[in-house]
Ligand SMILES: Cc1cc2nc3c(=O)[nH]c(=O)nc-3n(C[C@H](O)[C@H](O)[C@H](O)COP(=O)(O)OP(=O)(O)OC[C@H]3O[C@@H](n4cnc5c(N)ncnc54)[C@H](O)[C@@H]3O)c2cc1C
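What follows is one chain in structure tokens, specifically the form predicted alone.
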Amino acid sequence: MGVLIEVDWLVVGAGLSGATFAERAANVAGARVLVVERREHIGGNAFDANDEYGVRIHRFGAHIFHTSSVKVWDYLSRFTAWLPYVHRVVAEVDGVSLPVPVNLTTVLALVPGNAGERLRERLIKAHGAGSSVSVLTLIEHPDPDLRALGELVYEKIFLGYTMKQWGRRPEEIDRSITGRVPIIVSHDDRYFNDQFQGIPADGYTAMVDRMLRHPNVAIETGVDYREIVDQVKFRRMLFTGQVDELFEGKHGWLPYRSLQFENIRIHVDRVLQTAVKNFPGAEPFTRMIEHAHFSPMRRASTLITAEYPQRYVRGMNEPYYPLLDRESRQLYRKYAEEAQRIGDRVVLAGRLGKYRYLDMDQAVAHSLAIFENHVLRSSNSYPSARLRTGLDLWA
């Protein structure tokens, strides 16, 4: 087959990781970039689009941008204005909506009266006002009353949600995941406490489109990179897909978790008190998302999306979350070693490429760092670098 295009970088994936790198490589380094995306759209899991009523829908789950990095915020602000938005979440517990992550307000609702007040004071004394402590740490606490509080929170809020989301008990999962849901020792009910929080004013898809809008950037959507990799000559590849698929599963397939979405149309303005409501109980879904909350605009109809976690099956559904435990970390290390053996010809990026949970700001920061390390500081100039295709990529 003939060569379709010659580029400096082949970028696999048009999510935030791939778009950030492609934009920097084209705009700053003058590199020629081909972005290949298996889905029919850009934006990755942050893809959004307006429905027939004008409500912007987050098609693959709620995406709230938050960061404490001035560098990341300023970078993305070149491509979007922001709608002010502070994310708050409640959980349905015994028929009552309680703030999550669990804070002192939640504690006083779970343990009312003087007993709750005593626990509040003990938490503050033991850990300090404004601090956070993981549920798994609290259930090992030397104070028996705080240990009992940890066990109550574990049973009422943490256990059911975790088992539905991950298909495992919390103690069977890497603490980098379970530690993301702490108990907050304050009455602050914000889900995130980062300095910068917001929703792109025109949506994530529009923001990514602006990032990729450069004469040096070509985009192919609805195409698996494996279908064209032997038809493209490129010097290097940024790979944001599943790292085990890059190496054709030679060491075994990594585990992931997937999601199924069910949309519910209701012809009223809004239904839920917050954009996201968690359900740690017996319901088969983990949460409901009401997309209307992401915009100040009022509409005549609202869409609520229920999320049903499920096992990832190759070729059947999407891998949304790496399932981290000791065995999967060991397996990933084998693939990371494979990537090291092929040197700088392929650079791994993103949640699937690095096989770890990355928030959106972390994905952007990581791609900015890759650009600085592998392009700006590289002595391998584009004119002298050898062109290669998929046929000789691993040679």
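A residue's number is simply how far along the shown sequence it sits, counting from 1. Owing to the predicted nature of the structure, the values given are computational and were not obtained by experimental measurement.
Below, we refer to the form predicted in complex with this ligand, which is not included among the displayed structures.
Subject >> Heavy atom of each of Ala26, Ile219 and Ala369 within 4.5 Å of this ligand in the predicted bound form >> reply: Result no, not one residue of the spot touches this ligand.
Original post:
Looking at the partner-bound form in the predicted bound form, is Asn278 within 4.5 Å of this ligand by any heavy atom?
Top reply: No, Asn278 is distant from the partner.
Original post:
Do Leu34 and this ligand come within 4.5 Å of each other in the predicted bound form, heavy atoms counted?
Top reply: No, no contact at 4.5 Å.
Original post:
Heavy atoms within 4.5 Å of this ligand in the predicted bound form: does Arg287 have any?
Top reply: So Arg287 counts as contacting this ligand.
Original post:
Is Gly54 a contact residue for this ligand in the predicted bound form, using a 4.5 Å heavy atom cut-off?
Top reply: No - in the predicted bound form, heavy atoms of Gly54 and this ligand never come within 4.5 Å of each other.
Original post:
If we take heavy atoms and a 4.5 Å cut-off, which stretch out of 264 to 272, 136 to 144, 112 to 120, 317 to 325 is in contact with this ligand in the predicted bound form?
Top reply: Checking each option against the 4.5 Å cut-off leaves 317 to 325.
Original post:
Of these, Tyr161, Phe196, Tyr225, Tyr256, which has a heavy atom no more than 4.5 Å from this ligand in the predicted bound form?
Top reply: Residue within 4.5 Å of the partner: Tyr225.
Original post:
Going through 11 to 41 from first to last, which residues have a non-hydrogen atom within 4.5 Å of this ligand in the predicted bound form?
Top reply: Heavy-atom contacts to this ligand in the predicted bound form: Val12, Gly13, Ala14, Gly15, Leu16, Ser17, Gly18, Val36, Glu37, Arg38, Arg39.
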